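Alright, two takes on the same chain below, each alone as structure tokens: structure 1 and structure 2.
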Structure 1
């Protein structure tokens, strides 16, 4: 286990550096810059919300953000600032550290992702079990039809339907803002419904395969019931393929919910990342992208650990990833 953890941490650090380099070069390759798009010189006007500064102030801004330094100096400055949690300030909010912006918005995306995954799994697991037990019956067909429908419809389309149904027509839940738990109901449903469809199908197929395996047949031979076969061994083994999808899904829900956050007015990470990309706010782009990468890698790392907990054979072999 220790050898696995050390090896995985090494590859996580290497992956982090590669992602930071790729993000940096793609960010720099994008046409335009924050200064060119948002800062005018000597009264030149290119937009209604553009700042007007003198050439001297423009040069001071360039020096302050090290934009006149070589690329490797700029890149390492972003990486070092992220690792040490001294990220500096963004271009658009020069008086607010990017760490403060992330601290204000990341909990919103984190709670939204965690609650959506919890709701999705709490519904998907019973659905998958029922469909597997009642395979090739109308119950199985109905459950899989509902699952495929939920998977095929994008979350933002589901959000529109939920807004119309529960917010506009029946006025059951609020549809805009962030003032209490009731404001999370519709966003969580919008994100969890597609996950319910995908996860229930994974579990159904895996459970059907395990119910026809030799160890389950041995349980029946000893006089065991279907309930004992499912909850004694088959379900635990069937959860392994499902866990593979949960980690990346959780990370995606935490960081990639920009449409849902925009539609329901939630101030999350997705919202500030899109704004930063559109405004060419380099510090905020780098810090958001690196945080996203770290979350993805940590989720995959935790998935491997859970694999070892659920399957002793993997833990003893020492090859969990």
Structure 2
């Protein structure tokens, strides 16, 4: 177990470095810089002289952001800043450290992601159980058709149908902005429906397989009921592998928050990132990309640890992954 954790942490560090390097070079290789693109327009944020940035000011800006240093220095500056949480300031908002921007927006994205996962799992589990117990009835077929639709269609298209249904035809939920919990309903539904689809189908198939396995027959042979077979045994054994699918789903879901925030006008980090990418705001691109990467890796890691602790075969033998 300890060896597994160490190995995984090492891998996460490696992935982190590779991602930061790749992102860094991509940004460097890109034609057009923030200065060239934005100074004329948004120069106001740089100083008093809005429309003609003097060479001196330009030099000052370049020094401030270490743009004249060798690449590894710049790169390490970003990484170090990220690790020590002393991130630099954004190009776009020079008076605001990226840390502050992230602190304002990241909770929105993270809570959106986590709530969606929670909703997704708490709907998917009963759905999966009912479909498994009522195999080949209309309940099962309906659930599985819904599951298939949910998995095949991305969250932003689901968002469209939810907007039409709840926002336009029934006027139940607001469809734009963020002024209270009810503004979360449609975004969360859009993100969790694909997950409900995938997870309930996974759980159903795995539960059916478990209910037909020999150890369940043995439970009946000891006088157990279907309820005891499901809740004491088969469900637990199907939820275990379901946990392993949650990791990758979380990753997909966090990526989904990017365009769901954009669609519903939520002030999350996805919005910040998209803007930063559009304006080549290097510090902000770098920091938000790294943060997403770290969050996704950490969630995957946690999911694997939870799985290892819950499955006695792994917990006791110490072999994992």
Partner chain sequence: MQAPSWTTAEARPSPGSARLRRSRTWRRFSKNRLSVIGLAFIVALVLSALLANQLTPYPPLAPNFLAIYQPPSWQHWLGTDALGRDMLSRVIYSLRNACIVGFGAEVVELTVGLLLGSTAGLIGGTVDTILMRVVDVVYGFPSFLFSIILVVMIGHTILAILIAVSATSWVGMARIVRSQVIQVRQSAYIEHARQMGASTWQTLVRYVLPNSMGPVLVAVTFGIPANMMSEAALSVVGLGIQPPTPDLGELIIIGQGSVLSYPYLLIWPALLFALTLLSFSFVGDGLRNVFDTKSGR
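Numbering follows the first chain given and starts at 1. Between two forms, the rigid core is the largest collection of C-alphas that superpose within 1.5 Å. Remember, it's a predicted structure, so these values are computed and weren't measured experimentally.
Two forms of the same chain are shown on their own. Structure 1 is the form predicted alone. Shown is the Cα shift of residue 8 between structure 1 and structure 2 after rigid core superposition, which amounts to 2.6 Å.
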